[in-house]
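Below sits a lone chain in structure tokens, taken as the form predicted on its own.
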Amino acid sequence: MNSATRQKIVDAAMELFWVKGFQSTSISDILSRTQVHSGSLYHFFPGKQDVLVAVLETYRDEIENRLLAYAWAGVDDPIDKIFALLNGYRIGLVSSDFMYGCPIGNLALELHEPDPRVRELLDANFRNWVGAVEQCLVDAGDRIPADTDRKALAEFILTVMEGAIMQARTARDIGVFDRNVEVLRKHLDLLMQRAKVPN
């Protein structure tokens, strides 16, 4: 049994959980998508919950390669990076006709009472995302007022993103997403204007 087979299973499950949800995805769906024999899948993963753990670990460990590198290609300004990241979710919504949201947000909403390991991994994924955005705010330096809690602001940006995706998918209207992001942009603009005012 090689690691390529294991990764093939994880990649297929990532896509299926994203599109169909965890509960609606069966082991048969994963086997059909991968053309892997059931014995091979069960060699790596005793059950579907174990596949979910592997999916969440992959998102956690590969945020740079699977999300940030793509969103930030050719973007240098730290504030622009934040909006480029949000725009990546916008593109996903539009290109999939509102099928794709945030894979971690989707799972967090679906799994109301996850087991401790799953909850821990969901939290780790959110914290990684927040950490990446917080670093953008740190990299913005004195363009953001010194008394700004950058971690709290990054958490707020995650809240805006997740809420905007949820509302846009429900309404099937990208305008909802755009209005939320515009309010966030104005908030950051106000912060940057305040940073320019001498104390």
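Numbers for residues come from their place in the sequence shown, where the first is 1. These figures come from a predicted structure and were not determined experimentally.
Heads up, the form predicted in complex with the DNA isn't pictured, but that's what we're talking about next.
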{"item": "Contact assignment for the DNA in the predicted bound form, among Q167, T159, S26, Q135, heavy atom within 4.5 Å", "value": "S26"}
{"item": "Listed residue (T58, T148, S40, S32) with a non-hydrogen atom within 4.5 angstroms of the DNA in the predicted bound form", "value": "S40"}
{"item": "G47, heavy atom within 4.5 angstroms of the DNA in the predicted bound form", "value": "yes"}
{"item": "In the predicted bound form, T5 touching the DNA (heavy atom, 4.5 Å)", "value": "yes"}
{"item": "Stretch in contact in the predicted bound form with the DNA, which is absent here, among 60-68, 32-40, 127-135, 167-175 (heavy atoms within 4.5 Å)", "value": "32-40"}
{"item": "Partner contacts in the predicted bound form for 117-146 (non-hydrogen atom within 4.5 angstroms of the DNA)", "value": "none"}
